[in-house]
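Here's a solo chain for you in structure tokens, the form predicted alone.
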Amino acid sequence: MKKWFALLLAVLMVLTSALALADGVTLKTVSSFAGTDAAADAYVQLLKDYEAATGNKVEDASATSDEAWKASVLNDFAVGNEPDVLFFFAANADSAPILDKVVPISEINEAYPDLNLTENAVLTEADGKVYAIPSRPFWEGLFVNTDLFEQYGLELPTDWAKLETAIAKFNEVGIVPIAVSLSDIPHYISEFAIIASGTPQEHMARPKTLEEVPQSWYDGMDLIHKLYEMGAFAKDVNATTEAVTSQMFKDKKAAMQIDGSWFANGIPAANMDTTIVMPFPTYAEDADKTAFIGGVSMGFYLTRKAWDDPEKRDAAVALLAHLTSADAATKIGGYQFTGKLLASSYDMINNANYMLSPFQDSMTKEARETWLLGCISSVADGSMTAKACWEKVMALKPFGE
């Protein structure tokens, strides 16, 4: 640790005058390293390490990444209340509204060449520039408590018939089959229901009109209703929260959960060998049984507000460099799970024919919220049809004209 502090201070010698270090500045940060995210404590420690090394202060306002959090971040930017350093979505519809208020990495590197900050082409925006430094590659799949399947003599849900059998049995014994909240984080099951209902190419479609919407998108919404009718979810699925349902899975009160690699980081160590991740079982004959969702969707930004403040610029750049260092990547960007859970994640990745990007990331904010928060729970309980859902969403031009 002492060696690391020395290296950081050496960088700060280049970035910051002795007077600035002595006086110190206060920086504001926002991220999604909070709540059930296993990297939350590591992120807080990284901020404390920075404070100890520099004499600067960090006011952090991190929160769990859900639709409400996304909206609050974008609203803060809209009213000029953005933080100095931000961990947020990149190269999708979420990042588009903030690009005029964040600094391209090339501009930072030009002013601070010794830092050589990463410019990852994966996060290139529509204007050809890279504004975020990626920290966390991700994947999403079906998490399974294998010990519950073994306890009740069930085969793992490698196909739809086995999934239906498991749902029926877990209902019988009072275990929630699939832990999910359709009230705040319904996007995992929504994406996978569509993947299960058609070809990967249809999932990758970005229709401009209602007529171009693939049939599998309708079928996927109907599949959520089918699961709801089968009793696949908790009875309060349209009112509960993701924090509650995730804890149910960790406590073995739910058999399955669709989630991402960040969720794997939060699985209790004692469960690492009784939890695996696998592709969601397919429903349609032409669906790919190996497909999963993955990619790089989030990164750290430096805001124009901090860049244009002569009292903050050096300190904010130093914090950005600190949070995107190799040391930080190990703590908040890497996999922090082991055992059969880790092995199963490699199996899922290595055996896949397709790694698909979430299409909700390509949708405009209004259309995405209409789909996820305005449609899914209603389609699930039957108060809205899949047809009505997509008519409503496509009227908002989710993927542009």
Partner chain sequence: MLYRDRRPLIVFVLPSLLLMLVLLYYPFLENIVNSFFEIRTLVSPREEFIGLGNYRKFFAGDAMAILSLQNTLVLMALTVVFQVGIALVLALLVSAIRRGAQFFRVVYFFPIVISATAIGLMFSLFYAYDGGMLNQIVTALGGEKVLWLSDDKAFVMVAIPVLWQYVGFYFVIILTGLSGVSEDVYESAEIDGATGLKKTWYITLPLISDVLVTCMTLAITGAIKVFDLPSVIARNGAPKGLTHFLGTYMYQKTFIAQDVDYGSAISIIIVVLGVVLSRTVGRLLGRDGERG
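Predicted, not measured: the structure shown is a model, and the values here were computed from it. Numbering follows the first chain given and starts at 1. Just so we're on the same page, rigid core means the largest C-alpha set that superposes within 1.5 Å between forms.
What comes next is about the form predicted in complex with its partner chain, which does not appear here.
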query	finding
The unique member of Thr241, Thr165, Gln151, Thr209 whose heavy atoms fall within 4.5 Å of its partner chain in the predicted complex	Thr241
Listed residue (Asp236, Asp159, Asp309, Asp114) with a non-hydrogen atom within 4.5 angstroms of its partner chain in the predicted complex	Asp236
Region of this chain that lies against its partner chain in the predicted complex, out of 72 to 80, 285 to 293, 267 to 275, 143 to 151 [heavy atom, 4.5 Å]	72 to 80
Ala205: touches its partner chain in the predicted complex, heavy atom cutoff 4.5 angstroms	no
4.5 angstroms heavy atom contact with its partner chain in the predicted complex for Thr118	no
Distance check, Asp60 to its partner chain in the predicted complex, heavy atom within 4.5 Å	no
Non-hydrogen atom contact Glu391 with its partner chain in the predicted complex at 4.5 angstroms	no
Rigid core superposed: Lys101 CA moves 2 Å or more between this form and the one not shown	yes
Yes/no, Tyr354 Cα shift of 2 Å or more between this form and the one not shown with rigid core fixed	no
Core-superposed C-alpha of Asp222 shifting 2 Å or more between this form and the one not shown	no
